[in-house]
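The chain that follows stands alone, in the form predicted alone, written as structure tokens.
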């Protein structure tokens, strides 16, 4: 009996069918197979190349699984009250066996998930994975990245230390600048005029109840849609070219298992060597100098130093809207599955990278040391002198980059978009690095080395 049960579970998890010629048996096997609910029975052999996908989708799914598992364990010892939240974390770190390790795995998995999802978005864009009917999944991927950012944001407050308290204070103040709904969202999250018991309760409820449901639902749909779309995007081939297809089991599963084990091993070693940070108990009367948001919002905080908050939020909103509408702007699908679309597209990406590396630091230094539009235009409203003018200049600069890549660089529409996208993403990374490492007391520029 035990052998029969063991074979049944193996069939559900791994095996497809004992008689491939029998279509009915094959369909029954797929219906009863957990892995083949997530993957097609066969995949193109080129899709298994690590240098094409870098395993970023699977690594992100593995990190999400680790976060759910470690998060459940942490819930057994955490107390969401301002009187006991910090002491419960301290007890977890010092008294609970393996408590510090579990918390470290949870903390670093959350940070790494932001990175892998961001890189996954870059990979999908550069290979044109949003084309040929894949627009819905592209949008779902963007929403998933925003959900993960919300996960990190709500979880950041829970230790109730100085780092968490003031990072959330800054973060919620950034939310209040969102037009129309920002103030309402900020007040709802805080449940009061400042970060306190109401905010801690709300953040905890959203973190452990609301966002997990959204994450699981979106991830399930995302994986299902990848399968319905025919698997990972691949270059187009003519009818005479035969693309080798291999069975998901064992070829794809073997690679996924190896990547998952390598990720877990690396994360475990890192968590043992670098514990999750925990500063002194939160003290609302002693703000740190400088008070910074969490690292994944530092690009936004840096941008707020250079233009009016409303203009900053409008710029961010326009970029997000552009990403959502990208499948409508770039409809040419014959270059799907080809990195950077073509050789000229690779050149456009390099041009966008170089322009960002040169322009962004120069503009940050110029605005910090010399450029002061409100002082130059003292009679103008601040929203115009420090908001509308910088916003229009930024949009004009982005348009100039696109047109330069088209007219001077000889790129077509899709290749120019690759260069513009590279400029934007590199600029976001640079602004984040500047905000994290090059801002000192009073948020002034410093040299940290």
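Residue numbers count along the first chain shown, from 1. Because the structure is predicted, anything quoted here is derived from the model rather than measured.
Not pictured, yet referred to below: the form predicted together with protoporphyrin IX containing FE.
Chemist: Name the single residue among 298, 226, 164, 304 that comes within 4.5 Å of protoporphyrin IX containing FE in the model of the complex, judging by heavy atoms.
Modeler: Exactly one residue meets the criterion: 226.
Chemist: State the residue from 424, 61, 389, 48 whose non-hydrogen atoms include one within 4.5 Å of protoporphyrin IX containing FE in the model of the complex.
Modeler: The option sitting close enough to the partner is 61.
Chemist: So, residue 106 and protoporphyrin IX containing FE: in the model of the complex, are they within 4.5 Å at any heavy atom pair?
Modeler: Because no heavy atom of residue 106 falls inside 4.5 Å of protoporphyrin IX containing FE in the model of the complex, the answer is no.
Chemist: Answer yes if any heavy atom of residue 53 is within 4.5 Å of a heavy atom of protoporphyrin IX containing FE in the model of the complex; otherwise answer no.
Modeler: Yes, contact at 4.5 Å.
Chemist: Hey, in the model of the complex, is residue 138 touching protoporphyrin IX containing FE, heavy atoms inside 4.5 Å?
Modeler: Yes - in the model of the complex, heavy atoms of residue 138 and protoporphyrin IX containing FE come within 4.5 Å of each other.
Chemist: Although the partner isn't part of this model, could you tell me whether residue 351 comes within 4.5 Å of protoporphyrin IX containing FE in the model of the complex, counting any heavy atom of the residue?
Modeler: No - in the model of the complex, heavy atoms of residue 351 and protoporphyrin IX containing FE never come within 4.5 Å of each other.
Chemist: With the partner left out here, if you bring back protoporphyrin IX containing FE in the model of the complex, are 251, 254 and 260 all within 4.5 Å of it by some heavy atom?
Modeler: No, none of 251, 254 and 260 comes within 4.5 Å of protoporphyrin IX containing FE in the model of the complex.
Chemist: Which single stretch, out of 122-130, 271-279, 164-172, 81-89, brings residue heavy atoms within 4.5 Å of protoporphyrin IX containing FE in the model of the complex?
Modeler: Comparing against protoporphyrin IX containing FE in the model of the complex, the contact stretch is 122-130.
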